[in-house]
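Okay, so here's just one chain, in structure tokens, the form predicted alone.
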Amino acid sequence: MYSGFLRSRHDLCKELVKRLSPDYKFVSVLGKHITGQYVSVTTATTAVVDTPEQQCGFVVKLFDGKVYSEYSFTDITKGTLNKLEKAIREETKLSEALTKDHVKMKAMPDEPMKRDFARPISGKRYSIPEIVEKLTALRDETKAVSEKIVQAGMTFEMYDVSALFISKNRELTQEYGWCSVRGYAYSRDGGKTQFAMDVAPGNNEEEVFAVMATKTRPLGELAVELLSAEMIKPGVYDIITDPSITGLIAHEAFGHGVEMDMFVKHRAKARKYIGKPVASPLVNMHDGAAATMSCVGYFFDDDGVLAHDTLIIKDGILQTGISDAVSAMQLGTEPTGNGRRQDPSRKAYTRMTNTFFSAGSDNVEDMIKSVKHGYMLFETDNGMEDPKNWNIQCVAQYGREIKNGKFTGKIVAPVVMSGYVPDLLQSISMVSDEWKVIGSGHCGKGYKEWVPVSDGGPYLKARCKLG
């Protein structure tokens, strides 16, 4: 349900824009209100708190013909409107010393539009006691798999996002919801401890609980199996990536590398490769809030730009990057709906949304049979990329050895992938017809500015340095 708080402030935001517009070439107000719950059930404790995504506030963006300024605030009322307007004018007034060497900018486009978007969480909504009961049962099922599982836990997170964007000519509202159940298990044998996890995300509470119910036994079994995992012998191998690792590659190898605010700062090598081959001809890659439904399936971004489905790589050729509105203006391109803030008190940056490789036509079994000696890699652990030099490091939670087209039964963990982005992408030789996007992650801009993201794709066969 759309936020009653934002609804009650809608007309006041319009009035604020109206008052400021005569003195500025562009004025907008973004309001956001996110509510929800986070429920955790472990072997020892149960906790119910607000979702970490929660936030509530506003930010006004102004363009005076020279520079853009922003002012964030927590509330707007009839009694505080005059004081707020005065504070915005005074606090965003810059000295000549700060503006004389500014980058030349234009006013953001402000085409007329008035729309209300809605995609609430569907199906039955559970009460907190019902959620605790369901999580407890899932936890117990996981723990019961083996005496070697010393700790098991389940979490449930649900949040509803409401937002408004008002400028002189635009009046947009949106609401959407998301939820997920995440399970984990710790196993121990002697002095060795291992960890396994899985997640069931979606926008239907009944469905995510039903999916996790099918994952409890495999989760517990994996935690126990990982106790026998060995370290991999470093080297270059044929690999097959599951959709989670495929998504990690998409996110790290070419997601950060095509965030176009980095183009503006000349901190991304991809800027010089638009229109050039960067991957195998089998590779097609997308990003966009409109590309698929997930935790970031919003309808407009924090710049008021409608969500896009951006084709980044087509048949191995780099087509374009992704951008926020201000970066796009500086580069002379169209914004792609990727302007996102951690919250209204933070700056809008170019950020990924749903980042994934498109499906191909290969069968997974045929991909496995084609490997003489290599590994199938599973489950994202972490990753990082250097957009300026195109080096990446990605960590899979575990891998399964393949020899002569068959699994040997050997498991290795963890597995570190590293190398030069084009080398990895150009080595892709098979792309499966199976495809999945996992909508349950978060990403920072450098070391901060955390926002929800999703990624995924098909199974890929490639060649990579592992260690």
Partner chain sequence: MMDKFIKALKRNAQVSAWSVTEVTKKSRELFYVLDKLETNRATDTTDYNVTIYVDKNKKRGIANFAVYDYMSDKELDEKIAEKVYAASFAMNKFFEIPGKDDRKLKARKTNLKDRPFAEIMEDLVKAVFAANVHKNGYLSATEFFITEWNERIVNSNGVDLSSKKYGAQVEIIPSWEKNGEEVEVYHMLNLGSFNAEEVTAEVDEQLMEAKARFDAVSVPKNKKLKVIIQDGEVGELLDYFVSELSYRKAYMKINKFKPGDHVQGKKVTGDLLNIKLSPFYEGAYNSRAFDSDGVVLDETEIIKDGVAVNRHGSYRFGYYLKEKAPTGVLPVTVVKEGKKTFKEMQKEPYVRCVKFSGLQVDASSGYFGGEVRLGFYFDGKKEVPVTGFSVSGDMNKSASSLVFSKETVTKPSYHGPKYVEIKDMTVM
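As the structure is a computational prediction, the values presented were derived from the model and not from experiment. Numbering follows the first chain given and starts at 1.
Here the subject shifts to the form predicted together with its partner chain, a form of this protein not shown in this document.
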Exercise. At the 4.5 Å heavy atom threshold, is H33 in contact with its partner chain in the predicted complex?
Worked result: yes
Exercise. Is R182 close enough to touch its partner chain in the predicted complex, meaning at least one heavy atom pair within 4.5 Å?
Worked result: no
For this session: Give a yes/no on whether K134 approaches its partner chain to within 4.5 Å in the predicted complex, heavy atoms considered.
Result: no
For this session: Examine E385 and determine whether its closest non-hydrogen atom to its partner chain in the predicted complex is within 4.5 angstroms.
Result: yes
For this session: Give a yes or no on whether every one of A44, D101 and P414 sits within 4.5 angstroms of its partner chain in the predicted complex by heavy atom.
Result: yes
Exercise. Heavy atoms within 4.5 Å of its partner chain in the predicted complex: which of the stretches 391-399, 369-377, 107-115, 215-223 has them?
Worked result: 391-399
Problem set entry | Residue among N204, N363, Q330, S146 with a heavy atom within 4.5 Å of its partner chain in the predicted complex | Q330
Exercise. Which pick from K168, R119, K347, K314 sits with a heavy atom within 4.5 Å of its partner chain in the predicted complex?
Worked result: K347
Exercise. So which residues in 434-450, when you check its partner chain in the predicted complex, have a heavy atom no farther than 4.5 Å from it?
Worked result: Y447, K448
